[in-house]
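Form predicted on its own, single chain, as structure tokens, below.
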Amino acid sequence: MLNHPDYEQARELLLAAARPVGAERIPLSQCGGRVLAEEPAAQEDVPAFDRSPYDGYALRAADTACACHSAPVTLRILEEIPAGAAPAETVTEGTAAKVLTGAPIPPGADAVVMYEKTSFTDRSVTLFGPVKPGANIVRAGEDIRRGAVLARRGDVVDPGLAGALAAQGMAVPLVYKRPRVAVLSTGSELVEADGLPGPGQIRNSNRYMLEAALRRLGCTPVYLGIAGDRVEEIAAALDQGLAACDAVVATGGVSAGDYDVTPAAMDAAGAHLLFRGVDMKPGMACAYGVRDGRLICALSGNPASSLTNLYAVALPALKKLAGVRVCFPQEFPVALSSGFDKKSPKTRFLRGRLNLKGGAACMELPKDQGNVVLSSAIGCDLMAVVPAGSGPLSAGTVLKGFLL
């Protein structure tokens, strides 16, 4: 077991222990936000045929070469082709076909003119200028070519990919299952949110905070309840969670006090501890382990500390469980909109909101970044990393940031 690694070492250790949880085929209509477990290749061109992007007339460009306002060209209309219909005629010299948006281009035609640029009757169309060959034709395969790989394994199904899969008739894609993550709260001082706290007790806010965070990461939380500060009770809850779920996230009991017994409970439950404590602030107190390939992430009972540690350390491993290909959050420079007056002997994580000013990424800081101040995390979508050994930071200081 490693004691107090830095956050980057910690998340690498945890990531190495994580494995995707398996795959399933589900209807495409339910795949939004899910992660592909296959690399689908296009089986056909999209569009499958040359088609018109406008309402207009399909014709031979050569017939319009000499057209002008003083000497317009009139062509005989052979047929009308709406979208979804097949052409019945071949366009020959001196003829045209009326085509509606999305209609296939008839044989013999090599250009389309928009109806707004013509004068027309039911039987003929008159042009007042030449049309170039290939004008206003959407070619077969212009969107997707047969054989093209549409996405990579581990990509998230977004609206564009969902549409592309539908266009290929891939109605039941193979996606990774959503990891089931057990949520365990420890501490004899806790009561549920709908309970009435007695003297010295507090409501269990960590449960709901973690459930929301896990859903945001593509996991399905499974609540185990509250375990008191006893090794046997916590170990039994860990057993329950590991038997039914792919990972366990617990809060409380990971510091150095007499009642901080979660690491001992992890050991009693047969877990191998990967590391204990991370050299960061907030969120230093923690214990991470693995049993039978399933992760145990034991976080601080302080709400802001546990949330920070979850995002800084556990996030890549949880994404890997979900099958996501790019597990680490994308990092980018972000400037502080206001100063931060505390020193940072250890690596510090600041939470805040992304704000774009003058084309640059800026971070709006809540007033209080304390370990127990959960309200300052409301609306936060960004974290920034203050390097260890930093002094107070002035407004405009540029830090490494990542979106939550």
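Position 1 is the first residue in the sequence shown; the rest follow in order. Remember, predicted model here, so these are calculated numbers, not experimental data.
Omitted from view is the form predicted in complex with ligand AMP, to which the following refers.
Notebook entry, point to check: Of these, 224, 190, 321, 214, which has a heavy atom no more than 4.5 Å from ligand AMP in the predicted complex?
Noted result: Partner contact (heavy atom, 4.5 Å) among the options: 190.
Notebook entry, point to check: Though ligand AMP is not shown, can you say which of 240, 74, 168, 255 has a heavy atom within 4.5 Å of it in the predicted complex?
Noted result: By the 4.5 Å criterion, the partner-contacting residue is 255.
Check: Hey, in the predicted complex, is residue 206 touching ligand AMP, heavy atoms inside 4.5 Å?
Finding: Contact with ligand AMP, yes.
Next item on the list: With heavy atoms only and a cut-off of 4.5 Å, decide whether residue 79 touches ligand AMP in the predicted complex.
Entry: Flag for residue 79 set to no.
Check: With the cut-off set at 4.5 Å between non-hydrogen atoms, does residue 309 touch ligand AMP in the predicted complex?
Finding: No, residue 309 sits far enough from ligand AMP in the predicted complex that none of its heavy atoms falls within 4.5 Å.
Notebook entry, point to check: Looking at the partner-bound form in the predicted complex, is residue 87 within 4.5 Å of ligand AMP by any heavy atom?
Noted result: Although ligand AMP is absent here, residue 87 would stay clear of it in the predicted complex, with no heavy atoms inside 4.5 Å.
Item checked: Contact stretch among 269-277, 89-97, 158-166, 300-308 - heavy atom within 4.5 Å of ligand AMP in the predicted complex -> Only one stretch passes the 4.5 Å heavy-atom test: 300-308.
Margin query: With the partner left out here, which residues of 162-188 have a non-hydrogen atom within 4.5 Å of ligand AMP in the predicted complex?
Written below: Residues within 4.5 Å: 185, 186.
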